[in-house]
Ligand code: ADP
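The data below hold one chain only, encoded as structure tokens and taken in the form predicted alone.
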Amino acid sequence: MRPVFAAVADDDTGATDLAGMLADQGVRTVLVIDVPTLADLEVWSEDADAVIIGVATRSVEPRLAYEHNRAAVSLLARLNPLVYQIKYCSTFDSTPEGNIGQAIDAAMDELGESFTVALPALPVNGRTTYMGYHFVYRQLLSDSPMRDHPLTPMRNPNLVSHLSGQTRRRVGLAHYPVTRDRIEQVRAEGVEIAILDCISDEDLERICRAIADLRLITGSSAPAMKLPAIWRERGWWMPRELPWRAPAGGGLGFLVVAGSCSVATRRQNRWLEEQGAVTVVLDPIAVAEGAADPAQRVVWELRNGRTCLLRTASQPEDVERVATWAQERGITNLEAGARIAQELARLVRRIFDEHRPQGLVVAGGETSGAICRALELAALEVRPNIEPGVPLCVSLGRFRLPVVLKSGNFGTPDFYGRAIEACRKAA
């Protein structure tokens, strides 16, 4: 069956963000982790209306980001969807060199498209764009906590200039209020990638109607909130009642893994600790050096039906210590972050090899990507959102269980409680 929609996301939490928005609208969605074989893709997407591939390229070298995105788009093209999207975070977080521009270039090159739009705004989560400047809860991106992100610090809120440094294509602005005529005007002026202003849900509705005929769009998960209704109006897609695939039985305890240093995740960690969860705090440098291994303790707690929070120390001083450690070893902060995520994922795999929990919740994009690959989860069937941008999923790979992947910046303080309850019901 031909899907109506296909997307490539630069990390797994971003992919689940997009997938959850689609699932909320009744769109049957499957998320595939990394570029699979065509045979596997066809099996996993057999009953899907939307297919998303998470390629985990936000923090890799720009050339690799281009190559992985182009390979994913090429494979998705074999399914012949009506609409493609390059998905990146609503905080637009990327280094001055990439990788959002490389991802967009890869898709435009592969599909032969001469024009697309960039819509990073997500008003429901406080991300808005006005006159090309990006805001997080009415605070300029450069003044928000994203300014000090350990891997992709955002110091330039002007998205036109920021994206222009990442792509060989001409970037311009379709300024507020965005209409189809305004988009066509900037296109006629030679703009190849148009940043779209958007400050409200009403703007989003109007914008989605203006871009519904584009073959390729880029941006946050926001279009997934409005486009399905337009597809339904046009007869491109209709909701279908099909049974969910059930997770495997068994498993005791819930495992929450937090690798994010964001303010939101730290609040959520505190909330869960206050509820009496068993907490194991890991020194990030010890993790990076492979010297932290509390697997047996965590397994013991899970087998006794406990909820266990496994997290890295994440205060600003911990981030500074890691930066100093990386500098002393001649590696970048990105490389240090990737090493921590990979070692944390290996630890989680050791836990799973001893005991599969009843459900898994992961906070942080890099951490989620590494854990999904270490556990060979392969693909996720996506169910509706627990909170905006964070859906419940069921893995279809080696370990069959309920999974929640959360961007570090998303979620209310008690989100873990909601996520665990959703996993409990699914299991």
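Just so it is clear, the model here is predicted, and its values are computed rather than measured. One-based numbering along the sequence shown. If you superpose the two forms and keep the largest set of C-alpha atoms that fall within 1.5 Å, you have the rigid core.
The following text describes the form predicted in complex with the named molecule, which does not appear among the structures shown.
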Each of V319, G337 and E366 near the named molecule in the predicted bound form, meaning some heavy atom within 4.5 Å? yes
Just to confirm, T152 within 4.5 Å of the named molecule in the predicted bound form by heavy atoms? no
Distance check, L76 to the named molecule in the predicted bound form, heavy atom within 4.5 Å: no
Closest heavy atom of A212 to the named molecule in the predicted bound form, within 4.5 Å or not? no
Please run the contact check for L347 against the named molecule in the predicted bound form: heavy atoms, 4.5 angstroms, yes or no? no
Though the named molecule is not shown, can you say which of Q268, Q85, N99, S260 has a heavy atom within 4.5 Å of it in the predicted bound form? S260
Considering non-hydrogen atoms and a 4.5 Å limit, which listed residue (A341, V298, A121, A103) is close to the named molecule in the predicted bound form? A341
Stretch from 173 to 181, 319 to 327, 157 to 165, 192 to 200 whose residues place a heavy atom within 4.5 Å of the named molecule in the predicted bound form: 319 to 327
At 4.5 Å, heavy atom to heavy atom, what parts of 271 to 286 sit next to the named molecule in the predicted bound form? List them in sequence order, or say none. P284
Is A286 displaced by at least 2 Å at its C-alpha between the shown form and the other one when the rigid core is overlaid? yes
Core superposition between the shown form and the other one, C-alpha change of A258 at least 2 Å: yes
How about E320 - superposed on the rigid core, does its CA move between the shown form and the other one by 2 Å or more? yes
